[in-house]
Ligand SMILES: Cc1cc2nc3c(=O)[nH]c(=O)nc-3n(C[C@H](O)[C@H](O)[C@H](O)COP(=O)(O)OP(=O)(O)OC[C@H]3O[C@@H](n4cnc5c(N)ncnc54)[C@H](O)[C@@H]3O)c2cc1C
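Next up is one chain by itself, shown in structure tokens, the form predicted alone.
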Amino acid sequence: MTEHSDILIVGAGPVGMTLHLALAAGGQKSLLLDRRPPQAQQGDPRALALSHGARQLLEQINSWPMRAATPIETIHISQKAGFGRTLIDNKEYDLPALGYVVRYRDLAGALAANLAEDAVLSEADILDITPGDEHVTVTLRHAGQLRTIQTKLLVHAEGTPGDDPAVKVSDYAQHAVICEVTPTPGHGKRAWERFTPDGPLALLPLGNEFSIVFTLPPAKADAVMAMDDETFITALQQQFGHRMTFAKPGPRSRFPLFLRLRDTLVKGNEVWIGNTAQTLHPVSGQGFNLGIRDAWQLAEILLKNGVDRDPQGVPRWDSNLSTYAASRRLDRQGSAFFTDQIVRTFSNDFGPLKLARGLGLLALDICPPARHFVAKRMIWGARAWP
């Protein structure tokens, strides 16, 4: 038998769950599909940098993990062996924090706690997706059985796309090495963005520790991954400087860095959100926040505009999807351009450019309007425009 669902969301990660819960809050049903077992996300130790704007959205669906979130009250931005620095302070914006650092598993758990029992079809292996004029047909294997679901709207939220010709890929020739370290003195709820010729080094407060994103060329990342703990701390200290000392490094992991942008967010009755629509460099922590805004704005448009129905009462989403794609253009392209230019401008040791970078950081620090413009884009994205 063929099953039916008005809205089918592929991917029950935080972005997919945010969309489902935002739709449910407005009375619109949807079904989540996920290839992983329900407990898989609870074993994910990654740290996420969430803006205060993301917190404001998640609070509206009662899914903000307050106890698990470490606030970022200030952000210190500088370049290694160069002058100029910028300090962004939450007090300038009358906010409790500029952003927060949360473990992936804690955010996923806060969202999952609000799901109904039948909201997610877990361990669903999608075998085929067939677009049609009236609906999209999804064939999958679940619990050893073949199932067919027809939906009027298929939302892709399953994560970073693979080899898809509709996705433009730019390789940064950098890898991110991630781990946690203990700082002395404590972090004081301050995040650090330290630009080096090898790539940006980010220190994000998480509990009593720092979550480190150590960006390096692939060969240097190989070497860093092979180091013992003492040698690794020495390498980290050399990149960061001596404003504080580090100890007790946790397990290290790594992943390559790319800019991936899907040409179009909408095709027929399908729409792409989150990392499957765009994957950004982790500098400035914009990628995941952009995905949350994708989900929220899609839900807002679907709920606000209502649904067109054919003579038989079957929902049609065509006009809503066009509105969504147009509404996301400024935010996603602006965020992608911002992060891409930061990486390309700061990941080198060219003398004249280094001087220009220092002047730029100094200008941001002594010119509040320019600093506020950058900070508000980081906190709220295009919602803060102009």
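Since we're looking at a predicted model, the values are computed, not measured. The numbering used is simple: start at 1 and walk along the sequence shown. By rigid core we mean the largest C-alpha set that fits within 1.5 Å across both forms.
There is another form of this protein, the form predicted together with the named molecule, and it is not shown here; the text below is about that form.
Interface membership of Val15, defined by any non-hydrogen atom within 4.5 Å of the named molecule in the predicted bound form, is confirmed. In the predicted bound form, the named molecule sits within 4.5 Å of a heavy atom belonging to Asn275. Contact annotation for Arg35: at least one heavy atom lies within 4.5 Å of the named molecule in the predicted bound form.
Contact between Val10 and the named molecule in the predicted bound form is found at the 4.5 Å heavy atom cutoff. Site annotation in the predicted bound form: the residue of Ile88, Ala176, Ile301, Leu140 reaching within 4.5 Å of the named molecule with a heavy atom is Ala176. Proximity to the named molecule in the predicted bound form, taken as a non-hydrogen atom within 4.5 angstroms, holds for one residue of Pro249, Pro205, Pro282, Pro183, which is Pro282.
Partner contact region in the predicted bound form: 153-161, out of 90-98, 153-161, 239-247, 226-234, criterion any non-hydrogen atom within 4.5 Å of the named molecule. Residues are counted as partner-facing when one of their heavy atoms sits within 4.5 Å of the named molecule in the predicted bound form; in 95-121 only Tyr104 qualifies. The Cα position of Gly360 differs by less than 2 Å between this form and the one not shown after fitting on the rigid core. Fitting the two forms on the rigid core leaves the C-alpha of Gly334 displaced by under 2 angstroms between this form and the one not shown.
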